[in-house]
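Single chain ahead, written as C-alpha coordinates, the form predicted on its own.
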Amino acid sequence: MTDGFKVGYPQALLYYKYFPLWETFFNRLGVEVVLSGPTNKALLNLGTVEAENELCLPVKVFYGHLLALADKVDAIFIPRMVSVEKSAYTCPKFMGLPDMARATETRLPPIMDPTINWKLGWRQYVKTIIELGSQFTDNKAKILGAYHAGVQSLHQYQDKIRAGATPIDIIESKEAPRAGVADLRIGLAGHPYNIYDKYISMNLIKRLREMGTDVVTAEMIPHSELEKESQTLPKHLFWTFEREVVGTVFHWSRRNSVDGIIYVLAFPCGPDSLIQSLLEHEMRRERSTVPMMSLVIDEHSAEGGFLTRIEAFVDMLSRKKKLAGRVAN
(Lines give C-alpha, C1' and ligand atoms only; values in the text may rest on other atoms or scores of the structure.)
Protein backbone atom coordinates (compact mmCIF):
# COMPACT_ATOMS: atom_id res chain seq x y z
CA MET A 1 0.00 0.00 0.00
CA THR A 2 2.91 2.35 0.62
CA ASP A 3 4.19 2.48 -2.97
CA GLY A 4 3.50 6.04 -4.07
CA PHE A 5 0.97 6.55 -1.28
CA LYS A 6 0.53 10.19 -0.31
CA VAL A 7 -0.80 11.43 3.01
CA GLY A 8 -1.96 15.04 3.21
CA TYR A 9 -1.05 17.10 6.25
CA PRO A 10 -2.91 20.42 6.71
CA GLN A 11 -0.34 23.10 7.55
CA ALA A 12 -2.55 24.60 10.25
CA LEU A 13 -3.56 24.27 13.92
CA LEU A 14 -1.17 21.85 15.69
CA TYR A 15 1.13 21.55 12.67
CA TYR A 16 3.64 23.86 14.37
CA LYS A 17 3.65 21.71 17.51
CA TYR A 18 3.83 18.12 16.29
CA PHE A 19 4.65 18.03 12.55
CA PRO A 20 8.26 16.68 12.86
CA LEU A 21 6.90 13.66 14.76
CA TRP A 22 4.32 12.66 12.18
CA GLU A 23 6.40 13.50 9.10
CA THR A 24 9.20 11.22 10.29
CA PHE A 25 6.74 8.50 11.32
CA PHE A 26 5.08 8.33 7.90
CA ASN A 27 8.34 8.69 5.98
CA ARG A 28 9.88 5.76 7.89
CA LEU A 29 6.90 3.68 6.79
CA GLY A 30 7.51 4.61 3.15
CA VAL A 31 4.67 7.13 2.94
CA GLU A 32 5.06 10.52 1.30
CA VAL A 33 3.75 13.46 3.36
CA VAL A 34 2.24 16.29 1.31
CA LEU A 35 1.75 19.67 2.98
CA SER A 36 -1.05 22.02 2.04
CA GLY A 37 1.41 24.93 1.93
CA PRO A 38 1.59 28.21 3.88
CA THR A 39 -1.63 30.10 4.56
CA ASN A 40 -2.50 32.78 2.02
CA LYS A 41 -5.51 34.85 1.08
CA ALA A 42 -6.90 32.20 -1.27
CA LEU A 43 -6.72 29.47 1.41
CA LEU A 44 -8.33 31.70 4.01
CA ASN A 45 -11.14 32.60 1.61
CA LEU A 46 -11.69 28.90 0.85
CA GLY A 47 -11.97 28.10 4.54
CA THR A 48 -14.17 31.08 5.37
CA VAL A 49 -16.71 30.05 2.71
CA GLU A 50 -16.74 26.39 3.81
CA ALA A 51 -16.75 26.86 7.61
CA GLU A 52 -19.59 27.87 9.88
CA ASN A 53 -19.61 31.58 10.66
CA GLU A 54 -19.27 31.07 14.42
CA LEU A 55 -16.01 29.11 14.18
CA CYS A 56 -12.76 30.75 15.25
CA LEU A 57 -10.21 31.98 12.73
CA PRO A 58 -7.71 29.07 13.14
CA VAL A 59 -10.41 26.51 12.34
CA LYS A 60 -11.53 28.50 9.29
CA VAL A 61 -7.89 28.51 8.19
CA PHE A 62 -7.80 24.73 8.77
CA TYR A 63 -10.75 24.28 6.40
CA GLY A 64 -8.84 26.15 3.71
CA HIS A 65 -5.81 23.88 4.10
CA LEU A 66 -8.05 20.84 4.10
CA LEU A 67 -9.69 21.80 0.80
CA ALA A 68 -6.30 22.61 -0.73
CA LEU A 69 -5.31 18.95 -0.28
CA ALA A 70 -8.54 17.49 -1.69
CA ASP A 71 -7.25 16.40 -5.10
CA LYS A 72 -3.54 15.99 -4.27
CA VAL A 73 -3.36 13.03 -1.87
CA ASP A 74 -4.67 9.53 -1.20
CA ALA A 75 -5.67 10.30 2.40
CA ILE A 76 -5.59 13.21 4.83
CA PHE A 77 -4.16 12.93 8.34
CA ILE A 78 -6.41 14.57 10.95
CA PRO A 79 -5.84 13.05 14.41
CA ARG A 80 -8.67 13.36 16.90
CA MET A 81 -6.84 15.22 19.67
CA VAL A 82 -8.77 14.51 22.86
CA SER A 83 -6.01 14.78 25.45
CA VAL A 84 -2.22 15.11 25.42
CA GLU A 85 -1.92 14.60 29.19
CA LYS A 86 -3.87 12.73 31.86
CA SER A 87 -5.14 15.77 33.75
CA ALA A 88 -6.66 17.91 30.98
CA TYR A 89 -8.28 18.12 27.55
CA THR A 90 -7.57 19.95 24.32
CA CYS A 91 -9.99 22.35 22.63
CA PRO A 92 -13.36 20.65 21.87
CA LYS A 93 -12.97 21.60 18.22
CA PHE A 94 -9.77 19.54 17.99
CA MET A 95 -11.78 16.53 19.12
CA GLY A 96 -14.30 17.06 16.35
CA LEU A 97 -11.99 17.98 13.46
CA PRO A 98 -12.25 14.60 11.64
CA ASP A 99 -16.07 14.75 11.75
CA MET A 100 -16.08 18.38 10.63
CA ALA A 101 -13.80 17.44 7.74
CA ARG A 102 -16.07 14.61 6.62
CA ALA A 103 -19.06 16.99 6.72
CA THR A 104 -17.63 19.38 4.13
CA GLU A 105 -19.47 19.80 0.87
CA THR A 106 -16.24 19.21 -1.05
CA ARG A 107 -15.46 15.56 -1.73
CA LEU A 108 -12.34 14.65 0.22
CA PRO A 109 -10.03 11.59 0.25
CA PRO A 110 -10.36 9.19 3.20
CA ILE A 111 -9.61 10.77 6.59
CA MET A 112 -7.02 9.09 8.83
CA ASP A 113 -8.16 9.99 12.32
CA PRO A 114 -6.36 8.14 15.13
CA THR A 115 -7.72 9.14 18.55
CA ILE A 116 -4.97 10.68 20.69
CA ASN A 117 -6.21 10.40 24.25
CA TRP A 118 -3.59 10.21 26.97
CA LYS A 119 -6.29 9.99 29.64
CA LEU A 120 -6.67 6.34 28.58
CA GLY A 121 -3.04 5.61 29.42
CA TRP A 122 0.16 4.60 27.64
CA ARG A 123 -1.00 1.12 26.57
CA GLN A 124 -3.97 2.51 24.66
CA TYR A 125 -1.76 5.15 23.04
CA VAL A 126 0.70 2.50 21.80
CA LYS A 127 -2.23 0.47 20.47
CA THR A 128 -3.43 3.57 18.58
CA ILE A 129 0.01 4.08 17.01
CA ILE A 130 0.19 0.43 15.93
CA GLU A 131 -3.31 0.61 14.41
CA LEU A 132 -2.30 3.73 12.49
CA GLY A 133 0.92 2.17 11.20
CA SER A 134 -0.73 -1.14 10.33
CA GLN A 135 -2.44 0.60 7.42
CA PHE A 136 1.00 0.55 5.76
CA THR A 137 2.81 -2.50 7.22
CA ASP A 138 2.13 -5.58 9.35
CA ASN A 139 5.54 -5.27 11.01
CA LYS A 140 4.88 -3.95 14.54
CA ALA A 141 8.58 -3.48 15.23
CA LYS A 142 8.86 -1.28 12.14
CA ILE A 143 5.84 0.77 13.25
CA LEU A 144 7.22 1.32 16.75
CA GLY A 145 10.66 2.08 15.30
CA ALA A 146 9.11 4.69 13.01
CA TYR A 147 7.32 6.25 15.95
CA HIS A 148 10.50 6.30 18.06
CA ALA A 149 12.32 8.04 15.21
CA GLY A 150 9.46 10.52 15.04
CA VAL A 151 9.77 11.30 18.75
CA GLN A 152 13.50 11.88 18.29
CA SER A 153 12.78 14.29 15.43
CA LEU A 154 10.29 16.13 17.65
CA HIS A 155 12.83 16.41 20.47
CA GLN A 156 15.47 17.80 18.07
CA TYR A 157 12.93 20.34 16.83
CA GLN A 158 12.07 21.33 20.41
CA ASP A 159 15.76 21.63 21.32
CA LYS A 160 16.30 24.10 18.48
CA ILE A 161 13.34 26.17 19.67
CA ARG A 162 14.57 26.21 23.28
CA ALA A 163 17.92 27.41 21.91
CA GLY A 164 16.19 30.51 20.53
CA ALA A 165 14.81 29.61 17.10
CA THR A 166 11.11 29.85 16.26
CA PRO A 167 9.26 27.16 14.29
CA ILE A 168 9.24 29.61 11.38
CA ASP A 169 13.05 29.84 11.46
CA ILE A 170 13.32 26.04 11.50
CA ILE A 171 10.72 25.43 8.76
CA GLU A 172 12.35 28.02 6.50
CA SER A 173 15.87 26.77 7.39
CA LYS A 174 16.91 30.18 8.64
CA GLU A 175 19.21 30.95 11.53
CA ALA A 176 17.55 32.70 14.43
CA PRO A 177 18.87 36.20 15.22
CA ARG A 178 21.47 36.24 17.98
CA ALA A 179 19.73 36.76 21.33
CA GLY A 180 20.70 39.64 23.59
CA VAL A 181 21.68 42.00 20.78
CA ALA A 182 18.42 43.98 20.61
CA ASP A 183 17.52 46.69 23.13
CA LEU A 184 14.08 45.24 23.85
CA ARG A 185 12.90 41.72 24.60
CA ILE A 186 9.25 40.93 23.87
CA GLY A 187 7.44 37.79 24.93
CA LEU A 188 4.95 36.58 22.34
CA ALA A 189 2.21 34.54 24.03
CA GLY A 190 -0.56 32.61 22.36
CA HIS A 191 -1.27 29.33 20.62
CA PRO A 192 1.34 28.25 18.03
CA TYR A 193 -1.22 28.36 15.22
CA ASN A 194 -1.92 32.02 16.01
CA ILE A 195 1.63 33.32 16.28
CA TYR A 196 3.56 31.11 13.82
CA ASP A 197 1.14 31.28 10.89
CA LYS A 198 2.76 34.16 9.02
CA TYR A 199 -0.41 35.14 7.16
CA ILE A 200 -2.96 35.38 9.96
CA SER A 201 -0.39 36.88 12.37
CA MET A 202 0.63 39.34 9.62
CA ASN A 203 4.22 38.15 9.98
CA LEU A 204 4.32 39.48 13.54
CA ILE A 205 7.64 37.87 14.53
CA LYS A 206 9.47 39.30 11.52
CA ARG A 207 7.95 42.75 12.07
CA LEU A 208 8.94 42.79 15.73
CA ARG A 209 12.49 41.79 14.84
CA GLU A 210 12.63 44.54 12.21
CA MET A 211 11.66 46.99 14.97
CA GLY A 212 14.80 45.98 16.85
CA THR A 213 13.43 43.53 19.41
CA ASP A 214 14.34 40.04 20.57
CA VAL A 215 11.27 37.80 20.35
CA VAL A 216 10.77 34.91 22.78
CA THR A 217 7.89 32.44 22.80
CA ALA A 218 6.39 29.78 25.08
CA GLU A 219 8.20 26.94 23.34
CA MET A 220 11.53 28.43 24.47
CA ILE A 221 10.56 27.82 28.13
CA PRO A 222 10.93 24.33 29.67
CA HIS A 223 7.50 22.72 29.96
CA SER A 224 8.08 22.01 33.66
CA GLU A 225 8.36 25.77 34.26
CA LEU A 226 5.05 26.43 32.50
CA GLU A 227 3.37 23.76 34.61
CA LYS A 228 4.81 25.12 37.86
CA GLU A 229 3.60 28.65 37.09
CA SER A 230 0.12 27.64 35.98
CA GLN A 231 -0.39 25.57 39.13
CA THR A 232 -0.35 28.76 41.22
CA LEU A 233 -3.90 29.45 40.05
CA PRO A 234 -6.56 28.70 42.69
CA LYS A 235 -8.24 26.23 40.31
CA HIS A 236 -6.71 23.77 37.86
CA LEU A 237 -7.35 24.68 34.20
CA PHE A 238 -8.54 21.64 32.28
CA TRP A 239 -7.55 23.03 28.85
CA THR A 240 -3.94 22.02 28.20
CA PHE A 241 -3.04 24.67 25.66
CA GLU A 242 -4.70 27.51 27.60
CA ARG A 243 -2.78 26.43 30.69
CA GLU A 244 0.45 26.70 28.67
CA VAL A 245 -0.43 30.31 27.78
CA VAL A 246 -1.07 31.14 31.45
CA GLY A 247 2.20 29.50 32.53
CA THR A 248 4.08 31.41 29.82
CA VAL A 249 2.78 34.84 30.82
CA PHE A 250 3.29 34.17 34.54
CA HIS A 251 6.85 32.98 33.87
CA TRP A 252 7.77 36.22 32.10
CA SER A 253 5.86 38.64 34.32
CA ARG A 254 6.99 37.21 37.65
CA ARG A 255 10.65 37.18 36.62
CA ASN A 256 10.61 40.47 34.69
CA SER A 257 12.48 38.52 32.02
CA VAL A 258 10.90 40.47 29.14
CA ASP A 259 10.22 44.18 28.59
CA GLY A 260 6.68 43.54 27.41
CA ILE A 261 4.23 40.80 26.46
CA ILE A 262 1.99 40.56 23.40
CA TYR A 263 -0.84 38.04 23.76
CA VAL A 264 -2.25 37.00 20.38
CA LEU A 265 -5.73 35.50 20.53
CA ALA A 266 -8.28 34.58 17.91
CA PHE A 267 -11.87 35.74 17.61
CA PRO A 268 -14.25 34.26 18.72
CA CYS A 269 -12.34 31.72 20.84
CA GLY A 270 -14.12 31.36 24.20
CA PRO A 271 -11.20 29.83 26.17
CA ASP A 272 -8.82 32.48 24.79
CA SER A 273 -11.13 35.28 25.94
CA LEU A 274 -11.48 33.74 29.39
CA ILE A 275 -7.70 33.40 29.71
CA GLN A 276 -7.21 37.00 28.59
CA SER A 277 -9.42 38.26 31.45
CA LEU A 278 -7.78 35.90 33.93
CA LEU A 279 -4.26 37.05 32.98
CA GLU A 280 -5.16 40.73 33.18
CA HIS A 281 -6.76 40.21 36.61
CA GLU A 282 -3.83 38.23 38.01
CA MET A 283 -1.20 40.64 36.70
CA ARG A 284 -3.03 43.57 38.28
CA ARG A 285 -3.38 41.66 41.56
CA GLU A 286 0.32 40.84 41.59
CA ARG A 287 1.21 44.44 40.62
CA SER A 288 3.23 43.20 37.66
CA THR A 289 5.49 45.83 36.10
CA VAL A 290 5.60 44.05 32.73
CA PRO A 291 3.16 45.66 30.26
CA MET A 292 0.92 43.28 28.31
CA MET A 293 -1.01 44.04 25.14
CA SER A 294 -3.67 41.75 23.67
CA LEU A 295 -4.03 41.45 19.89
CA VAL A 296 -7.27 39.88 18.65
CA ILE A 297 -7.10 38.47 15.13
CA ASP A 298 -9.85 37.40 12.74
CA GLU A 299 -10.37 37.23 8.98
CA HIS A 300 -11.21 40.95 8.89
CA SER A 301 -8.09 42.19 10.74
CA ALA A 302 -6.67 45.27 9.01
CA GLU A 303 -2.90 45.35 8.57
CA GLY A 304 -2.69 49.12 9.05
CA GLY A 305 -4.34 49.16 12.47
CA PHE A 306 -2.44 46.02 13.48
CA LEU A 307 0.93 47.60 12.71
CA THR A 308 0.04 50.89 14.37
CA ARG A 309 -0.73 49.12 17.66
CA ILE A 310 2.50 47.11 17.55
CA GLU A 311 4.62 50.16 16.74
CA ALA A 312 2.99 52.15 19.54
CA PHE A 313 3.57 49.30 22.02
CA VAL A 314 7.24 48.91 21.06
CA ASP A 315 7.73 52.70 21.25
CA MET A 316 6.13 52.77 24.70
CA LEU A 317 8.40 49.96 25.92
CA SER A 318 11.45 51.74 24.55
CA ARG A 319 10.54 55.00 26.31
CA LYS A 320 9.83 53.13 29.54
CA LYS A 321 13.21 51.42 29.45
CA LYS A 322 15.10 54.64 28.70
CA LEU A 323 13.30 56.43 31.54
CA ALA A 324 14.13 53.58 33.93
CA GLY A 325 17.78 53.85 32.86
CA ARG A 326 17.90 57.59 33.56
CA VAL A 327 16.27 57.11 36.97
CA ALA A 328 18.77 54.37 37.85
CA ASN A 329 21.66 56.66 36.95
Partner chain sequence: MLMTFPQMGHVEQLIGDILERLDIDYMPPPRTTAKTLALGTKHAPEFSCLPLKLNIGNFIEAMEAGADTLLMAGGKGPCRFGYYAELEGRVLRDAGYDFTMVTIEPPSMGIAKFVRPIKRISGKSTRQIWRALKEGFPKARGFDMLEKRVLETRCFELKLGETTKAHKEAMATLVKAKTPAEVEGAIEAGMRLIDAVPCDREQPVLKIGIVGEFFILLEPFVNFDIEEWLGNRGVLVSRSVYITDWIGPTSKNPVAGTSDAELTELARPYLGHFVGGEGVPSVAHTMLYANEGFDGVVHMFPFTCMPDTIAKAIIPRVSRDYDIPVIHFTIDEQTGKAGVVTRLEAFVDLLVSRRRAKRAVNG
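Residue numbers count along the first chain shown, from 1. As the structure is a prediction and not an experimental result, all values here were calculated from the model.
Not pictured, yet referred to below: the form predicted in complex with the partner chain.
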Joint contact, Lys86, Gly145 and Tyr157 to the partner chain in the predicted bound form, by non-hydrogen atom at 4.5 Å: no
Contact test in the predicted bound form: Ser273 vs the partner chain, heavy atoms, 4.5 Å: yes
In the predicted bound form, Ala141 touching the partner chain (heavy atom, 4.5 Å): no
Heavy atom of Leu55 within 4.5 Å of the partner chain in the predicted bound form: yes
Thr104: touches the partner chain in the predicted bound form, heavy atom cutoff 4.5 angstroms: yes
Option from 147-155, 75-83, 252-260, 199-207 whose residues, in the predicted bound form, bring a heavy atom within 4.5 Å of the partner chain: 75-83
Partner-contacting position among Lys127, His223, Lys93, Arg162 - heavy atom within 4.5 Å of the partner chain in the predicted bound form: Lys93
Of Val49, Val34, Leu278, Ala70, the one that lies within 4.5 Å of the partner chain in the predicted bound form (heavy atoms): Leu278
Heavy atom within 4.5 Å of the partner chain in the predicted bound form - qualifying residues of 211-243: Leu233, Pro234, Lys235, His236, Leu237, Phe238, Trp239
